[in-house]
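Just one chain is shown here, as structure tokens, and it is the form predicted alone.
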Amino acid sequence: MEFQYRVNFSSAIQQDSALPLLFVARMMVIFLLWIRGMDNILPPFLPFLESLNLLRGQGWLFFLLDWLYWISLLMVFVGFRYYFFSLVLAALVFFSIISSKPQFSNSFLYSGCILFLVGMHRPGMDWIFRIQIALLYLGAGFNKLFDPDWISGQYFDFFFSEPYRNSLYLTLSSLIPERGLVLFFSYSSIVAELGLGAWALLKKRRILLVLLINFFHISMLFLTLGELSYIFYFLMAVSSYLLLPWEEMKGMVIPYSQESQYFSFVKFWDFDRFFNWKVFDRQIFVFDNKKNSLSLQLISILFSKYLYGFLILILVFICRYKHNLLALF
């Protein structure tokens, strides 16, 4: 039996865009402050542009940039003109990278790109995030495809044997024919990254795509025992969230019973939306009352922005501080 679902569009979604841009911008603030640990704008040191060395002695300038940085972080986090202040943060990230080669990292640059795209976003420009995510995965995949160490499996063999010695890998590799395991890991990573990059461009089955992106990076966390990749897990879990079919929510949302609306007094954080909405994707599931109730619950968690963000933060916290947590027992 099919059900008729009435439209009840969330007032928390911005009028000019269905995308959770403010949520993503806030998570980028958390990345900069907590994961990146960026608390000020540093003077130039080994800059990509030699002319920036002229700014090294201008202490007053970096004092002003620090104030601008912290004001922008605060404005984005509280949601005040966050389009503009996301652009300011992106500019400061790009300046930090250009003025100091040691500051450069793929993750740092990517966070700046996401903030820049959030600031530049206008209605009808949802495709810019698909392009950005596709470029990241396709670039990573092709880079590995033409790297002899990845093709031969040497990268994983060294990775799991030396810097991140993994007892699980060493046990499994002894049971599998020579180099079979490392070749499986290498080619699986290449195929996964190329596949995710191509899929991001298609705008098809986007819920499944976001779930697979999360699965791919969580698998890497599992393989490395949380030692590596939690940074990119955070960034990709957050940025891929923009790929979900938010613009289709109008016809896909029904409220729970009024009894669960006891969090409605904290409208600023939209906690009521965590508990009051079921969201589903007609692209993947055909629903009836009993058979797919679990699927509905799982999908509702995915569309609950701050519950989703909380789960990401918990997993990253465990990976980042697992040694401290283990020392407690």
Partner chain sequence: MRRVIISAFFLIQLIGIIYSRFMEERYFCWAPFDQISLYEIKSTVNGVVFSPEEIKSRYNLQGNGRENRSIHHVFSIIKQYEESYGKEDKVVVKVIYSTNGKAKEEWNFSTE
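Residue numbers count along the first chain shown, from 1. Bear in mind the structure is a predicted one, so any value in this text is a computation, not a measurement.
Missing here is the form predicted together with the partner chain; even so, the following discussion is about that form.
When the partner chain is considered in the model of the complex, Asn53 lines it closely, a heavy atom lying within 4.5 Å. In the model of the complex, the partner chain sits beyond 4.5 Å of every heavy atom of Ser188. Interface residue remark: Phe159 is counted as part of the site for the partner chain in the model of the complex, having a heavy atom within 4.5 Å. Using a 4.5 Å cutoff between non-hydrogen atoms, Phe215 does not count as a contact of the partner chain in the model of the complex.
Proximity to the partner chain in the model of the complex, taken as a non-hydrogen atom within 4.5 angstroms, holds for one residue of Phe95, Trp246, Phe116, Trp199, which is Phe116.
Among the residues Val78, Ile151, Ile71, Met125, the one placing a heavy atom within 4.5 Å of the partner chain in the model of the complex is Met125. Stretch 131-139 is the contacting one of 202-210, 131-139, 180-188, 237-245, since its residues have non-hydrogen atoms within 4.5 Å of the partner chain in the model of the complex. Heavy atoms closer than or equal to 4.5 Å to the partner chain in the model of the complex belong, across 29-55, to the residues Pro44, Phe45, Leu46, Pro47, Phe48, Glu50, Asn53, ordered by sequence position.
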